[in-house]
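Below you'll find only one chain, the form predicted alone, shown as structure tokens.
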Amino acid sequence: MISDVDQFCAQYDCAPSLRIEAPGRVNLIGEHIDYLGGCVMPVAIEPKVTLLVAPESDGGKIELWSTEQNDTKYKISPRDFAPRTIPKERWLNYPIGVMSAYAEQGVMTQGCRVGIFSTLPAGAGLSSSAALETAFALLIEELSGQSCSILERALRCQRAEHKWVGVPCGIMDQLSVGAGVKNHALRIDCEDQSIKPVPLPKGLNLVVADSGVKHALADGEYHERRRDCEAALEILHEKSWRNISLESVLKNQEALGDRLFKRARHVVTEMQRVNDFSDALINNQISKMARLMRASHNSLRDDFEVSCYELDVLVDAGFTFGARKGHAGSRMTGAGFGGSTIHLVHESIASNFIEHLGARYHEAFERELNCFLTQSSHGAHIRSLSTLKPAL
């Protein structure tokens, strides 16, 4: 198998001097409440986006090549940003948006050649976009010599996604990609952006199953959910969802109407589930964690209406496997409308569990399931390859 360094050398006829790696993430619980000031519990995972970089390109431009684009290279001027509207080029708006966000702060991207490699499936709800954004943010900082904190980096990446991609995302994805701690989940308070690492129980592994349904968050559904929540908050006469109880939502059911009532019920119950899950995680209460993950998925399916049949089949298959056999919780992860499910299982039965999910998925849809075992990972980082010699 040809290494990424050798692929870079073949494309650019030079060796890279920097490697930047940014992990994907799964969210154990706390969905669609990051942009509402709630708390979330993501985990950085091993699949990642990798940038190989050779500083200085002709004319000071940034030259990009991705393994998913065959031999096509794109050149971007660091002083003349323009959004890409051609479908096959829209992915470029992620790095362009990040470059623009730094340029607004007076930090210009230096000329370089970049090779983009990924083991994260795009559109699977595993934050491949946030990983790409964060990797480019680290690249800009490294070449400019002007670094910033994990939080400020995440905020710049978030602004880039809002402005250049059109997704009004919360801060969870960018923070979890940047601040991941191995063997830990992160309890992120999206109101004050504080981060508390919480150890994961020993002996539990993460299994991720890609439903095969690719989500596109800029297509309107994500925006609609956020607008629904804003409308519900106005009806409830509050400025923050953190001030609202389930009793208040129930009392205002008629004023909210059916759709906004369901959206509000998901938000307040999911916020409480995060608190309960965090306590269960700290106290190693596995059965409680499983119940909360099931309740979270049901709420996302029924009240927030962001699940799909493929996700529901995978979650049901997880619970059918059984706690006695080593299953410790399943739910959809990410914004939904497709994407992936996350399953907590004891390491001794992980391979059997993956076979079980694959069989149920094939029975339901007559196609193979992309399912993998992963560990928690550290956050995005950069290292020098100046002493590395490519194998020619």
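Just so it is clear, the model here is predicted, and its values are computed rather than measured. Residue positions are given as counts along the sequence shown, with the first one as 1.
What comes next is about the form predicted in complex with alpha-D-galactopyranose, which does not appear here.
The shortest heavy atom separation between His32 and alpha-D-galactopyranose in the predicted bound form is within 4.5 Å.
Interface residue remark: Gly334 is counted as part of the site for alpha-D-galactopyranose in the predicted bound form, having a heavy atom within 4.5 Å. For Ala295, no non-hydrogen atom is located within 4.5 Å of alpha-D-galactopyranose in the predicted bound form, even though that partner is not displayed. With a 4.5 Å cutoff on heavy atoms, Cys157 does not count as touching alpha-D-galactopyranose in the predicted bound form; it lies far away. Checking 45-53, 319-327, 358-366, 334-342 against alpha-D-galactopyranose in the predicted bound form, the stretch whose residues place heavy atoms within 4.5 Å of it is 334-342. Exactly one listed residue, out of Val313, Val198, Ala179, Cys169, brings a non-hydrogen atom to within 4.5 Å of alpha-D-galactopyranose in the predicted bound form: Cys169.
Distance criterion of 4.5 Å from any heavy atom to alpha-D-galactopyranose in the predicted bound form singles out Tyr222 from the list Tyr222, Tyr94, Tyr102, Phe277.
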